[in-house]
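This document starts with one chain, in the form predicted on its own, laid out as structure tokens.
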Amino acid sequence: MTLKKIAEILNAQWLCGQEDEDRETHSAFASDMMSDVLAFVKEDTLLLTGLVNGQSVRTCEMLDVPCVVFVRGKMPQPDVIDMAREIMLPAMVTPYSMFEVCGRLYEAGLPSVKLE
């Protein structure tokens, strides 16, 4: 699924990286605990989180996550957006809860990351 399609499904506002809207992602993972993200996320996995500090962006950088979506309308501080822009990480914010975001994306055909 493309990032553009994800943004449409989630009624999301782009924070940075919209020029990569045609990039594909093949699964999603939702968590506010970056230790879980580090343990389970694979390459090309969309991250859905309510954690709006630099830790979420740095975790995405380590794992080559194609995009981070901040849920519940939580807006990161400008320095966090600048950090995402600096590492060329597309980021967006959606007004929906994490539960609703997961349901919308799953219903649209984006599977969860496989837990192994």
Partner chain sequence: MMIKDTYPVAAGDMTVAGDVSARIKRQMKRLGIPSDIMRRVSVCTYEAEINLVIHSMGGEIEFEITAEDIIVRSRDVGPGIPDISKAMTEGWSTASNEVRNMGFGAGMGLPNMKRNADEFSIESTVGVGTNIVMTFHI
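Positions refer to the first chain, counted from 1. From a predicted model like this one, the values you see are computed outputs, not experimental measurements.
Missing here is the form predicted together with the partner chain; even so, the following discussion is about that form.
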item	value
Candidate spot 35, 39 and 58, all three touching the partner chain in the predicted bound form (heavy atom, 4.5 Å)	yes
Selected contact from 71, 30, 63, 84, since only one has a non-hydrogen atom within 4.5 angstroms of the partner chain in the predicted bound form	63
Proximity of residue 89 to the partner chain in the predicted bound form, heavy atoms at 4.5 Å	no
Residue contact check: residue 48 to the partner chain in the predicted bound form, 4.5 Å heavy atom	no
